Ligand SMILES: CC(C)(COP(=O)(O)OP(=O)(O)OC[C@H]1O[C@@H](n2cnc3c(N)ncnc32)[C@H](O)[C@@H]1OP(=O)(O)O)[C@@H](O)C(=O)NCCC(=O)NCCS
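In the block that follows, a single chain appears as structure tokens, in the form predicted alone.
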Amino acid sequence: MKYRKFDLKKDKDSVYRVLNECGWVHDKKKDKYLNKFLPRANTLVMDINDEVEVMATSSNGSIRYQDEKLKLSAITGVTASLLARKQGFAGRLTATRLALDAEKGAEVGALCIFDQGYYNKLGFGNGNCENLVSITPSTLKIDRKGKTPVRLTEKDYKKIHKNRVNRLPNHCAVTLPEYATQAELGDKNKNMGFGYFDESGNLTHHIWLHGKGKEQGPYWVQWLAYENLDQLMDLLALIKSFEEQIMMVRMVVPPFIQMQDFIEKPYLIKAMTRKAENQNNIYSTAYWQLRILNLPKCIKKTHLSCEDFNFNLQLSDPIGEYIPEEIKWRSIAGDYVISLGNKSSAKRGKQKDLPTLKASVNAFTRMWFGIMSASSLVHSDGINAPQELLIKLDKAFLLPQAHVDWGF
């Protein structure tokens, strides 16, 4: 497989055709993704018959592990034209992009999925289930009067991005570069933002919405950014203030709260709207995945509230067979001695007197982020270890809920 870097002048028309064919982009002159995002991201393309037919792109960012930050390779776009499907091109190009990012220091990889299973072959495991809520603003129980916000536009993208970076941090929170925020602001005819500033002129909390121009909605909350939970209540009060006209608002439930606590008679309203166009409900799905790219560095930044213990890890990693031979980084498969506790480490090798955990990188990543317990992963992801070790791992990785809190 031959791949190369994306060249906007040379590849613009071909990439637009592929993205348009897939339904992602409909106007190459205005689209920020094509003209502003791809040239600044880490974009690879593959030619077939001298035309781009496959693309994979990533952005360098960060992902939190409790109070630590890890270097992230966020896969922000993978697509193949209809003539390049079912030939392994997209998967191989994605693996290549990850390997190149790992060589440059990325410690974790993450992506959003179109369906479960495809990226598992590259070592990715499911992230946490996110709750998506569809609510009528009038049903919100917010005991405060909405404050009048300031209108935000694309011109404010630097302030918007700074507020997103400085938002209240949570376990697994992702942060991407400024150009990502600028591209995500989208079409000014469909998107709009409202925010609040402090006395020094700093944007402290804001909301970005999609759905402008629809008389009764629905509105999609693209994101919320806030530095504390009191500011989140301001934003929910703002959503409630739409109640005279807007029938439906949809969003991913923000970290740190349970949205049902803030809905008036949720079961009654759900039953009353069961067959309605604007049905009120909350449903859960795991739409993002992640994987470790550098095990020693990830474990070094792991600080757990448990008694110190050690074990052998036999780690398998399927990504190697999809990476071109000329790339040095192949995978993180192999034998390790793992030490866990307030200070943790992972070193290559094996120690005879220690119990052994056998796991794929997919499963180990899920356990390490606290998404699923080791005992559960025995049945869902096929890990294997003595029962005594499984119990220790279950207790060690009792972590806060993982939420990426950034769309990509």
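In this text, residue numbers run from 1 along the sequence as written. None of the values given here were measured: they were computed from a predicted structure.
One more form of this protein should be noted, the form predicted in complex with the ligand, which is absent from this view; the next part is about it.
Any non-hydrogen atom of residue 321 within 4.5 angstroms of the ligand in the model of the complex:
So residue 321 does not count as contacting the ligand.
Is the gap between residue 119 and the ligand in the model of the complex 4.5 Å or less for some heavy atom pair?
Heavy-atom contact with the ligand at 4.5 Å: present for residue 119.
Partner contact for residue 115 in the model of the complex: the ligand, 4.5 angstroms, heavy atom:
Taking the distances in the model of the complex, the answer for residue 115 is yes, it comes within 4.5 Å of the ligand.
According to a 4.5 angstroms non-hydrogen atom cut-off, is residue 87 in contact with the ligand in the model of the complex?
The answer is yes: residue 87 has a heavy atom within 4.5 Å of the ligand.
Position in contact with the ligand when the complex is considered in the model of the complex, options 79, 136, 128, 163, heavy atoms within 4.5 Å:
Selected residue: 79.
Heavy atom within 4.5 Å of the ligand in the model of the complex - the one residue of 217, 91, 193, 254 that qualifies:
When the ligand is considered in the model of the complex, the option within 4.5 Å is 91.
Which single stretch, out of 5 to 13, 394 to 402, 20 to 28, 381 to 389, brings residue heavy atoms within 4.5 Å of the ligand in the model of the complex?
Of the options given, it is 20 to 28.
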